[in-house]
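In the form predicted on its own, a lone chain appears below as C-alpha cells.
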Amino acid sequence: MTQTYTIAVLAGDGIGPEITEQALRVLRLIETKRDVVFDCKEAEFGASAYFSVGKSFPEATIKICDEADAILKGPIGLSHEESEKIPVEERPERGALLPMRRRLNTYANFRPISLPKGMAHFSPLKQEVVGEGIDIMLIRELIGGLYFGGKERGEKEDGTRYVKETLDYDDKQIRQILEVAFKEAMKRKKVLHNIHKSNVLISSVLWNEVLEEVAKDYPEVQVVHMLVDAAATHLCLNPGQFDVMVMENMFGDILSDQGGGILGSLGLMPSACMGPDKAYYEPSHGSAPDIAGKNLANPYSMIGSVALMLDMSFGMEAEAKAVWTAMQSVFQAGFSTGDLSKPGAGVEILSTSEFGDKVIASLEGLL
C-alpha cells in the first residue's frame, strides 16, 4: 500500500527557491524507487511573502503548515536595505519564524555538526585537530529564553533611551529539552555536554538543577558540565571531545553557527526543529541575497534537511542514510562548492544544479 506524506514547502527568500528545487529532486527520485508519495504543497513565507501579500506568515501558509505532516523551510531574510522596506513586526524573523515556532511548539532544535574524514580538508582548523572528522549533535532549546521573553523599549525622565528584555524559562521547558538530549545521548556515545553559564546567570542555575533531576533517569549517560564561553574555545581546540551538546536558546544560536565555522561553511549544516506533533526542517544558514538567482549556492544543507525529515518524521532511516552518503560522495570525489573553495584551489567548483545532478546520480545507485 502506497504511503502518502504531505509536506509544506516554504522556499523562503534569496537562494531559498534554488536550493529547495534541488532538495525536491531528491524526494521525487525516492518516489520512483519506493512505494511512497510526497505531496508537496508550496507556500509563501518570509520577506517574499510580505512583498507579495503583505504578511510574512500569511493565513494561507498557516493553513498549509497546519495540515502538513512535516514542513521543509528554506532560508528567509533579505539585505539590510530591502529589510528596511518591511515594518519591524513583519520582518521575516519576527513576523514569520518566531510565530511558526510558537505555533508548532518546536522546542527541540537538532543541529548536526558533521564532517566525515573524507571532507575534513574543508575545515579551517588544523588537520591534526579535525583529521579524523567531526560528529557532534548540538541540541538547542528553541522557544524560550531571551528571544521569547518580554520586551520593553522606552525613554527615561532624563531622556536616556533604554531597552529591557526578559530571559524566561520554567522547569517544564527545561525538562522537556533535557529529556530529548539524554535520549539522544543514549543512542550515541552516552556522553552529554551540558552548556551553561551558572557562574553568572540564575537561569543556568535552575537549568542545572533540573538537569540533575533528569540525569537520575539516565544513569548510563556521563554528563560533562561546561561554561558556554569555555565551550566556544573547546569547539575550536578539540571538537572531537563532544558528541551530544545541550543548551538554552541563545547559546545554541551562537554555538551552532560557530559549529558551521569549524566545518568550513554553514552550507554544511541542516537542522531539524521538533515539536510534539510535527517538525520543520531547514538549513542553518541565511538567504545569501547577494548570490540569489545565480546558481552558485551550495544546496547541501537543504538536501540534508530532507534527509533529516525522511528519518525523523517519516521513519525512512535507510533512505535518509542514502541521501547523506550521496551528498558526501560528491565532495569525497574531489568536487567542491563556492562557499567551501575559491577559484584556483585546484578543485572543480560545482554550481547549485551541478551539485544536485551529482547527488541524484549517486543516489540512483544507492536506493
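When you see a residue number, it is the position in the sequence shown, counting from 1. The structure displayed is predicted, hence computed values, not measured ones.
Keep in mind the form predicted together with a small molecule is missing from the figure; the text below concerns it.
Heavy atoms of D253 reach within 4.5 Å of the small molecule in the model of the complex, making it an interface residue. With a 4.5 Å cutoff on heavy atoms, Y147 counts as touching the small molecule in the model of the complex.
A residue is said to contact a partner when one of its heavy atoms sits within 4.5 Å of a partner heavy atom; R101 meets this definition for the small molecule in the model of the complex. Mapping the unseen interface onto this chain, E93 counts among the residues with a heavy atom inside 4.5 Å of the small molecule in the model of the complex. This chain appears without its partner; in the model of the complex, the one residue of L97, I262, I174, V130 with a heavy atom within 4.5 Å of the small molecule is L97.
Picking from 139-147, 217-225, 155-163, 174-182 the stretch near the small molecule in the model of the complex, with a 4.5 Å limit on heavy atoms, gives 139-147.
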